[in-house]
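Shown here is one chain on its own, the form predicted on its own, set out as structure tokens.
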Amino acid sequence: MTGFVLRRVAGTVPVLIMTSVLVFLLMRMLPGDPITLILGESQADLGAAQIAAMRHQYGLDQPIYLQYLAWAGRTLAGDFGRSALSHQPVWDVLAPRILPTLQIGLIAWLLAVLCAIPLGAVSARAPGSWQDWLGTVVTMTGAAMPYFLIGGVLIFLLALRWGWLPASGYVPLTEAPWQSLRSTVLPAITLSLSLAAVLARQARSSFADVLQRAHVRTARAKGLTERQVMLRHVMRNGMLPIVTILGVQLGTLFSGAVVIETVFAIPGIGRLLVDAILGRDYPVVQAVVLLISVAVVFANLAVDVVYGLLDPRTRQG
């Protein structure tokens, strides 16, 4: 198992390098001059020689590959540059925004798993029944509704009409844990519905396929209850496609956070990305996109490792 994990970790290195190259090049292709963004209105008071000196100071007069190597070296050291808007180090701007997004994403992921897998199992055990029909309607509705519509309905019902939860804002987890959880419930539910819909349909398909296999019929013939058959034989063998969906959907969690954090006024990474794009703050945009890309790469690494635990055959070769 150790060799399998080490091979998977080594395989992520070229992926991370290629990801960093793409992020760097995409930021360089965006319109606008970084020096113009840094100087702002003070550019009119500087001459061409001073602007050229600043361009040399930031290394923008060097070939593109040297710029990438310099940027990659600073990034590995934890230096993402300075924000063009606030002139603060990018990491100081980014670090406080990680916890709200991470908290909402983990709660949404947990809610989706806890709801989708039992729903998929019930539908798979009774295909064509009213439970299967109801599960199909619920999952299709969750998949079809956009985030802003779900969020608006939840705000109106749970926050404004009934007053159960706050409509917007965020309380740091370190200051008031209970209030922090209450402030993230609505965004997490909104984010989890789309993921739960996809997971439930995949779980139903996967579990229904395993239920038709010979070893399940043998387990039933031995006298095992339906609960024991589902837990011991169906769940374990049917989880591989579901694990894949969980890894792939991490990118959806981050993309959904862009909309949800704007709707619920959450000071997270998604809202920071929107503000940075609107303000043309390219260093912050570059750091956020790189962080999300690296998170997705490591999520796929985790999926590979879980695959090895669930199915020993994947560790061969």
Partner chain sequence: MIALAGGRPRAGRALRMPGDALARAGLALVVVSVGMAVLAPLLAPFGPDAIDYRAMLQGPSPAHLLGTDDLGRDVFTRLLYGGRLSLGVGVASVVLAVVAGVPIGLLSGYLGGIADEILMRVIDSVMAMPPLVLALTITAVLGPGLANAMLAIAIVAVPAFTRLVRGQVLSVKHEDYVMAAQSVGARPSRLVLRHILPNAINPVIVQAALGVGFAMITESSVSFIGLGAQPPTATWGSMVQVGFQYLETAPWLALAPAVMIFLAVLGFTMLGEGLRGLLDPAVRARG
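Numbering follows the first chain given and starts at 1. All of these numbers come straight from a predicted model, not from anything done at the bench.
Keep in mind that the form predicted together with the partner chain is not shown, yet the notes after this line are about it.
No residue of the trio Tyr68, Ala72 and Val185 has any heavy atom within 4.5 Å of the partner chain in the predicted bound form. At a distance threshold of 4.5 angstroms between non-hydrogen atoms, Leu278 is in contact with the partner chain in the predicted bound form. In the predicted bound form, the partner chain lies within 4.5 Å of some heavy atom of Thr141. Heavy atoms of Leu173 never reach within 4.5 Å of the partner chain in the predicted bound form, leaving it off the interface. Although the partner is absent from this view, Met145 contacts the partner chain in the predicted bound form, with a non-hydrogen atom inside 4.5 angstroms.
Contact with the partner chain, judged by heavy atoms within 4.5 Å in the predicted bound form, is confined among 234-242, 128-136, 77-85, 213-221 to 128-136. Contact with the partner chain in the predicted bound form, judged by any heavy atom within 4.5 Å, is made by just one of Met18, Ala302, Leu309, Val9: Met18.
Just one of Val153, Leu110, Leu181, Ala95 comes within 4.5 Å of the partner chain in the predicted bound form, counting any heavy atom, and that one is Val153. Counting a residue when any of its non-hydrogen atoms is within 4.5 Å of the partner chain in the predicted bound form, the hits in 271-292 run Leu273, Val274, Ile277, Leu278, Tyr282, Val285, Val289, Ile292.
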